[in-house]
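Here you get one chain, nothing else, as C-alpha cells; it is the form predicted alone.
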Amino acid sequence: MKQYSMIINGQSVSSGNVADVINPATEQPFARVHIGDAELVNQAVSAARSAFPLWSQTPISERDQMLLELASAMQANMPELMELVTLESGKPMGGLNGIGSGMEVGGSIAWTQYTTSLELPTEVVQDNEEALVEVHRKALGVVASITPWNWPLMIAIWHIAPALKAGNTVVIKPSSLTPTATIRMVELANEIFPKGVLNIVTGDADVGDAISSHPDVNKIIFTGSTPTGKAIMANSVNGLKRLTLELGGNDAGIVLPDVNVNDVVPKLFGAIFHNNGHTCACLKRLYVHESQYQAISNGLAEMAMSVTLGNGLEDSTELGPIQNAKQLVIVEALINDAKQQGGKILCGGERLSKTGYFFKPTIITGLTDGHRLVDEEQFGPVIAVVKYTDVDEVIERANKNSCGLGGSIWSDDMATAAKLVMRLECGTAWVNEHGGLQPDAPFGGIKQSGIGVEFGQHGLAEYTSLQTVRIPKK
C-alpha cells in the first residue's frame, strides 16, 4: 500500500504518525498518509515565509509560466490523478452528466490555465501637473489553504492558483479523508516552483487549528462547514488575518407553474444529485408549485430509481457512495426525522445492501419549512420537494434560511424569471440551472454561507492588499 508524505520546503517529510485513507466504495484503506503536527506546521509556515520575498518579486509573467507548467503536469498525469480522486472521494470517473473525477481533474487544469490570464493592473487615480497617485495590488505573504473532502483536487487548485499568481506563498492542509490527489499535485508543483513556495501538511483539526492561528499566516482561505469556518475565524482574530470563507449552503430552487415538466425534471435531477449531493452549491431545497408538485416529484423519483449506483472505477457508475461514515449517519438521521415528521419517501431512503457507504437516491414529499430536512443542509443524495401556492410567499420562505450561497428560479418565461431571481438573497443566482460555476465569474456566499469571493478578477484581488502611492510633481 502506497504511503504519501508531506512536502515542506521542497522536501518530502515523514512523521511517526501514519493514517489510513479509506475508499468509501469498499470501506477499506487504499493508501497511508503521514500526519503532521504543530511543529511541522511551524516548519511549513517558516519555509513559506522565507520563500515569500523572492517569490513576490518574481515577475508575474514568470509566475504565470510556472502555473501553466503545473497545468501541463496535471494533464500529463491525469489518469493517476483521476484514479486517486475516485479512490478517496468515491465519485465516479465519468459520473452523472459527466460530473466525476474526469471533470474534476480537467476542471483543475482549466482553472489553472485561466488564472494565468488574469491581471493585477495599477490604477492611476491622478496624473497631472500636481502629482501622480497610483493604487497598487501587493501580495499578502503566507496564505493558508484548508480544503474539504467533496472536491479535493479542484478546490485545492481554486485556492492555490490565484494565491501563487498574486505572489503569495502557500501552506495547504487537505481534508484528512481525501489527501492523496492533493499531495500528488503538490509533488508535481514542487518540481516546478522554487522550494518553500507551496507546502503541504496533512492532519486533522489540530493541524488546522495550528495553521489558522499561526502568527505568520497572513490570509486563510477555507471551504467547508459553517461551524468550522466560525472556528477558523475565531483563531484568526489575534492576527487580524484576511479571510475568504466559502461555507455551507442550503440552496433553494423555485419552480414556477409554467414549466414543461418533461423538460425540467432531468435538469432538476442533475442539479440536485451531481456529485451525489456532495457540493455546497447543489440544489438542496426544491419548491414546486402545487399545480406541478406531484408530477415533478414523481418524475424525480422515476429518475432516481433508474440511476446506476456503484464503485466509481466501474464505467457504468453514475453515482458513487457517500464519502464517509460520519456523513452517512447525518443523512440517515435527517431521513429518519423526515419520516417521523410525516414525510413520504417516494424512492430510496435506505442504504444499498452491499459493502461501501452507498445510499439510494432519495425523494421525499410532504415536508415544509421548519422540518430539519428542509432547514438543514443534507449534503447527500436526498431532496425534500416542498409544495407552495404563491410565488411572493415562497421567495420570502426561501430567503428566511440562514444560508445564502446559491439559489435558482425555473420558468419558461425568461423575463419573469430574470426579475424574480434578483429577489433571492444569495451570492449566486441562476435561471433554469443550478450550481454551474466558471473561472471568470465571482462565487461566494452571504449570511452564514461565507465571507468574500473566489474566481475571476474579484477573487484574485482577495489575495492582495492595496497600496496607494502619491508622488508630487512640484
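Fair warning: this is a prediction, and the values are worked out from it, not measured in the lab. Numbering starts at 1 and runs along the sequence shown.
Just so it is clear, the following notes concern the form predicted in complex with a small molecule, a form of the same protein that is not shown.
- With the partner omitted here, the stretch from 264-272, 187-195, 386-394, 239-247 that lies within 4.5 Å of the small molecule by heavy atoms in the predicted bound form is 239-247.
- Contact between residue 218 and the small molecule in the predicted bound form is not found at the 4.5 Å heavy atom cutoff.
- Shown alone here, residue 405 lies within 4.5 Å of the small molecule in the predicted bound form, counting heavy atoms only.
- Interface membership of residue 111, defined by any non-hydrogen atom within 4.5 Å of the small molecule in the predicted bound form, is ruled out.
- Under a 4.5 angstroms non-hydrogen atom cutoff, the small molecule in the predicted bound form lacks residue 285 among its neighbouring residues.
- Out of the listed residues 174, 312, 361, 253, 174 is the one that sits within 4.5 Å of the small molecule in the predicted bound form by at least one heavy atom.
- Comment: the small molecule is not present in this chain, but in the predicted bound form one of 115, 180, 147, 101 has a heavy atom within 4.5 Å of it, namely 147.
- Not one of 30, 83 and 95 is positioned with any heavy atom within 4.5 Å of the small molecule in the predicted bound form.
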